[in-house]
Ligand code: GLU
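Okay, here we've got a single chain as structure tokens, the form predicted on its own, with questions on binding and movement later.
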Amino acid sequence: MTNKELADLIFPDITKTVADYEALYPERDLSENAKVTRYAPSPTGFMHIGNFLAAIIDYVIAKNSGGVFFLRNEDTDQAREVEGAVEYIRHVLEHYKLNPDEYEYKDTLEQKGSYGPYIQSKRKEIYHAFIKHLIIEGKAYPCFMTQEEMDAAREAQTKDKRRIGIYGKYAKYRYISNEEAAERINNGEKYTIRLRSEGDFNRKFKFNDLANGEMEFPENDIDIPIMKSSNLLPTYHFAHLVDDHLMRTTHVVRGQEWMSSVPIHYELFKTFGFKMPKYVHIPLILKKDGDKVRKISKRLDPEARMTYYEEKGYPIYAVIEAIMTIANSNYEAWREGHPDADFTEFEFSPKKMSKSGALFDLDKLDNISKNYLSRLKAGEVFDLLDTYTKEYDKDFNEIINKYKEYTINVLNIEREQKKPRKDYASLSEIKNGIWYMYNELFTNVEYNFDTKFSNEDIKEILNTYFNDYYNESDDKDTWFNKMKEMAEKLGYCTNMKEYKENPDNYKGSIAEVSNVIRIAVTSKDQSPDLYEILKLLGKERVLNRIKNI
């Protein structure tokens, strides 16, 4: 029996050849420097920050070169697929505006691009054509190893301290005749298809990783499975080869954990005579944990999940900027020189990635986010807060929309200054910073006045100010002068330098008097500008709060 007859027995309905698919998916008509990248997640879990780093780099490489960024759903491991994972991947890309140029979604049947299907489970016939080609060429074979036989091989290899895998004498079905293979197939025996490896583990080959430089690996000599018996879908490695070749991927961005797969992928591309894409193996994302630095963990660290950043309400801009600072060591310097440029204008260099791991610092994200939010107009912050609270705090959303203009004015306190306040790192923090401005929320509050003041002192300050000096129509200078006049009248120092030098000569300072009023109307001892707060609250709210004390 010839190889072709065996291949026809295994794949009787596959009539297209590798050459046919080469013609269906020709080289892309792009400029010489254009790069084609793909974000190709497996829906076996929800997106984490390492996945997001890869997606950002894919996107920047493609956009910066005028190339193509496409999304591929690698769902061949269907037994481990997590419900909702595909939809969440789509959501994250849309949320951060990393919109693929080509994609396909199961739930909408929507497809864009000429190199699909972009869902691997829909590409079975393509994979079978490539596998059939290998069988005809004598470079692949059906393997009938049972689980018991594979366990026995592993046990023997462990005992003899040999490498684990199906190679050499352990690849027992590599050597059977086509006739025996056909008989077993006709008898209904289960089988996988394995690559008939031509590699020699004792030989080395050179591989240039764009992030890590030139490296040496031993050749792959393991007869890896390339098609599973359970659903006739290919293994990850084989699908990777076929898809990246036919989709004309030029650059593959993936985590360092895939470095061990390089020999397998090198051999697969070599077996077909295809040009390999260029690879960028990105570093692990690390975090500080006390005095130690460790790999960020999906189990231990909530910030490892991409859901964390939406739940906290970090702006899109801030998250992307924080990720870009760990993607390339020179990004921050570039940003300083290009404050208004889109991040895709940055020329990403794999060589400027950390080799030892990328340290992700939440404090840095907070700082980026605070700076960003402080530069926005109050109306823009309101729009972000409105969107966020619709999803995560519906009650507060009703309140801020009931008093929309008032809320915008509250958010505008001390915003239009040379150095605006940087109170908020995320949208989830805003409610805690302004809740006291709403009567609906200003209930059952606790007042923590400075213990140096007696109740009589507090009453004296509040009664004197609100009976004799308070006028909601005062401008800021008039208001401040009245505060000074009242403080002096009651025995408080209005000159902070003088007070520090002679504190025993006074009952306290004007700052402490102001804080009594601040606590009375807000319950907080720290807040934005007191004058602005009093003006926005208005006479009725202010006086009601004083009475309630």
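Only a predicted model underlies this, so the values are computations on that prediction, with no experimental measurement involved. Residues carry their position along the shown sequence, with the first being 1.
FYI, the form predicted in complex with the named molecule isn't displayed, but the following is about it.
- In the predicted complex, R421 stays away from the named molecule, with no heavy atom inside 4.5 Å.
- A residue is said to contact a partner when one of its heavy atoms sits within 4.5 Å of a partner heavy atom; Y236 meets this definition for the named molecule in the predicted complex.
- Using a 4.5 angstroms threshold between heavy atoms, E321 stays clear of the named molecule in the predicted complex.
- The closest non-hydrogen atom of G508 lies beyond 4.5 Å of the named molecule in the predicted complex.
- Put simply, of K270, K228, R254, H91 only one has a heavy atom within 4.5 Å of the named molecule in the predicted complex, and it is R254.
- In terms of contact with the named molecule in the predicted complex, the residue from D393, D301, D101, E74 that brings a heavy atom within 4.5 Å is E74.
- Comparing 37-45, 512-520, 493-501, 61-69 against the named molecule in the predicted complex, the single stretch with non-hydrogen atoms within 4.5 angstroms of it is 37-45.
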